[in-house]
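Okay, so here's just one chain, in structure tokens, the form predicted on its own.
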């Protein structure tokens, strides 16, 4: 049985997951850029048992798996993604407080499918501080761990205490923070799906926290183009340079290819102005890389994850 001879495979998914299994499913509605082709099979598992069942079926049939959250940091190519795409949009959504034995500390256990803004709002209402760095940052907590998402004010690796995840090579794992390595937009869970994360927060004042969150969101809105679909920053910053500044100095602000545009407000953002294709966006990415390398001798590294195309697929979790 294979993805190319799949009527029996589809029947197995329908029997197990019902309408939470979709075939030849458009992915554009599930990603921030709102572009990209379909998934052969798009599934929405509810729990660890279903996730394990999907993985076993995929491996026994040599079908690649790709995991997405809300797609805030990925670009699906126009050909779509071959194999099985696992969405966390309907799974691992719980938030709970765990008793802490440290004075002033609060431990929060949060499902990998919880949206970052949802967790932040919950923390504000409870009066727990430590998540303000995530103000205005979209996507799921699982994707945030995967990318070690953050801002100049901090990142998820800074507050992580413990992590449970599903490694597509070795199965379920649960590790303490000291057993995991995080760096700028990087983590060790690159071949995994985050089940839950435990964060260490602190007691604070809701009004004070909300004021700081509002300030950071306003700061982001003043500097970043938020009126059109994008994946935020396209390229990582270097230790001694800002990618946006280099792109601007290269004279690329406002450059358009098809329906995609390098933002005139922030040059590190590539926007879908309404009818862009993934190819349009990828073309702009290539132009930026070439021009910046030619003019400044700097090779920019993409922060946006590009998925899809060939059958090899990938096994990963994205925002």
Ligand SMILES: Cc1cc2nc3c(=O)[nH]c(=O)nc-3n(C[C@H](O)[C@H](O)[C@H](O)COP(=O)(O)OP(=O)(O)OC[C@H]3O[C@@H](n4cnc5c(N)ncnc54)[C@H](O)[C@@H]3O)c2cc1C
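Numbering follows the first chain given and starts at 1. As the structure is a computational prediction, the values presented were derived from the model and not from experiment.
The next section is about a form of this same protein that is not shown, the form predicted in complex with the ligand.
At the 4.5 Å threshold, heavy atoms of residue 305 reach the ligand in the model of the complex. Not displayed here, the ligand is kept clear of residue 175 by more than 4.5 Å at the level of heavy atoms in the model of the complex. When the ligand is considered in the model of the complex, residue 130 lies well away from it, no heavy atom lying within 4.5 Å. The ligand is not drawn, but in the model of the complex it has no heavy atom within 4.5 Å of residue 83. Residues within 4.5 angstroms of the ligand in the model of the complex, judged by any non-hydrogen atom, belong to 136 to 144 and to none of the other stretches in 136 to 144, 241 to 249, 119 to 127, 206 to 214. This chain appears without its partner; in the model of the complex, the one residue of 93, 224, 100, 202 with a heavy atom within 4.5 Å of the ligand is 224. Distance criterion of 4.5 Å from any heavy atom to the ligand in the model of the complex singles out 68 from the list 68, 278, 39, 262. Residues of 226 to 262 that come within 4.5 Å of the ligand in the model of the complex, judged by any heavy atom, are 226, 230, 231, 232 in sequence order.
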